[in-house]
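The chain below stands alone and is given in structure tokens; this is the form predicted on its own.
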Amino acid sequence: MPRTLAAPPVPVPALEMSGEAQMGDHIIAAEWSPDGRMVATATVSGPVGIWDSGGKLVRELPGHKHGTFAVSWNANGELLATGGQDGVARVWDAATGEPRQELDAGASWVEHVAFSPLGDFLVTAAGRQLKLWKAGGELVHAYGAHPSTISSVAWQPGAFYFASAAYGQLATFGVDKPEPVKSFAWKGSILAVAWSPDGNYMATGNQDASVHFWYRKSGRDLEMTGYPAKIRELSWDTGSRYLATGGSPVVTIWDCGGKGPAGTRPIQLQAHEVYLSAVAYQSNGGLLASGCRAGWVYVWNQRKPDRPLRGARLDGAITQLCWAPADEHLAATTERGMLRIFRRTSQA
């Protein structure tokens, strides 16, 4: 890896806390509602919590027997989808907590659910089975079995296209076709997919400690290597120029402007002493949050990379970081079941 910057020479100011809650078990998923008023969290034991921005429990859902894996809000915030270890995806009425739909995802472990950014389409992934539904429960497409277990699904921002990843394949789909629009073969294990906001790039974090950049239109890909560990942590900035990645204790940021990141030196942000477990750019602003297995959360301005703007330590390894849509709050969760919500200040 390229030369890294020195650790912060002095302690950084603390992030301002808005609220805190405890779910009592490893929080595996978290997502803000589209209006930024509530955040949903899911635990590996099953229960799903819906919290306000001050950390007050608004509603608790039973989730899934044996454990919940994923949560996803629909575009207007009326519905919350969940998936878990009971073979079904459930669509809940967010206002009442009542289940509206129970969808057979095709295998016993439903690891991914994702509502579309436009309309009310829902993707479910269970084992090698990928399905597309309407929010009312109507099955739109049941796609052919993937070559291996589906490791990630992601919608293209502002479009009716989505991507799925598995060992040996990255594919894109449109809601109007029963087969992939494009399929990109790659002999490796893809762990995570992230679309750039402009839809031009798909970035993947991989088991072999590499990051790939796929050009959606041409299918051309670039590979960035040199990481010490596999990569699950990916986040694009709002302008689609920068991609932040994990794979080490250092936040590595690739500049995709101009001719792209090939042959360039990344920006590197160093403050964590152990491996990263989450990175998240703001939805509209330019700040970046990073979290690690030691429980530290830092907020950075990458234009001033010598040290973070603010920081805080939580109880347990960070599992999720997510900014509210208007960037007014940052939610952080841990493997010990803590949810902490930070309030944005003038600096962070």
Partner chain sequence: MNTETASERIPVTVLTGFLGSGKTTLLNRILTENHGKRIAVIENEFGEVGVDNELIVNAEEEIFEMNNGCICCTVRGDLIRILGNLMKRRDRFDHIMIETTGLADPAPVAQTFFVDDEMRDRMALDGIVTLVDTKHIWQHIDDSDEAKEQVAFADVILLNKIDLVPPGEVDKLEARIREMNPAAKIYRTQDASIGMDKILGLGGFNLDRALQVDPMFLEPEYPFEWGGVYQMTAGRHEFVMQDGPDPEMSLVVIPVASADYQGLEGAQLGAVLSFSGEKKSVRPGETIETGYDLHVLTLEGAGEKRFPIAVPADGAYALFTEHHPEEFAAALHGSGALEAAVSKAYKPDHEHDEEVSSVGLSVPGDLNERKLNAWLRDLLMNKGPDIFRMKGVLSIAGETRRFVFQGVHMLFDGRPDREWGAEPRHNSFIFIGRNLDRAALTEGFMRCLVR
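Positions refer to the first chain, counted from 1. The structure presented is a predicted model; accordingly, all values stated were derived computationally and were not measured.
The form predicted together with its partner chain is left out here; the points below concern that form.
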* Structure fact -> Of the candidate stretches 262 to 270, 147 to 155, 93 to 101, 130 to 138, the one with residues having heavy atoms within 4.5 Å of its partner chain in the predicted bound form is 147 to 155
* **Sole residue of Glu179, Asp255, Asp208, Glu78 within 4.5 Å of its partner chain in the predicted bound form, by heavy atom** => Asp208
* Structure fact -> Answer key: of Tyr227, Trp186, Phe121, Trp214, within 4.5 Å of its partner chain in the predicted bound form (heavy atoms) is Trp186
* Should Trp296 be counted as a contact of its partner chain in the predicted bound form, where contact means heavy atoms within 4.5 Å? -> no
* Do Arg313 and its partner chain share at least one heavy atom pair within 4.5 Å in the predicted bound form? -> no
* Is Asp25 close enough to its partner chain in the predicted bound form to count, meaning some heavy atom within 4.5 Å? -> yes
* Can you check whether Trp109 is within 4.5 Å of its partner chain in the predicted bound form, heavy atom basis? -> yes
* Sequence order please: the residues of 250 to 289 with a heavy atom within 4.5 Å of its partner chain in the predicted bound form. => Tyr275
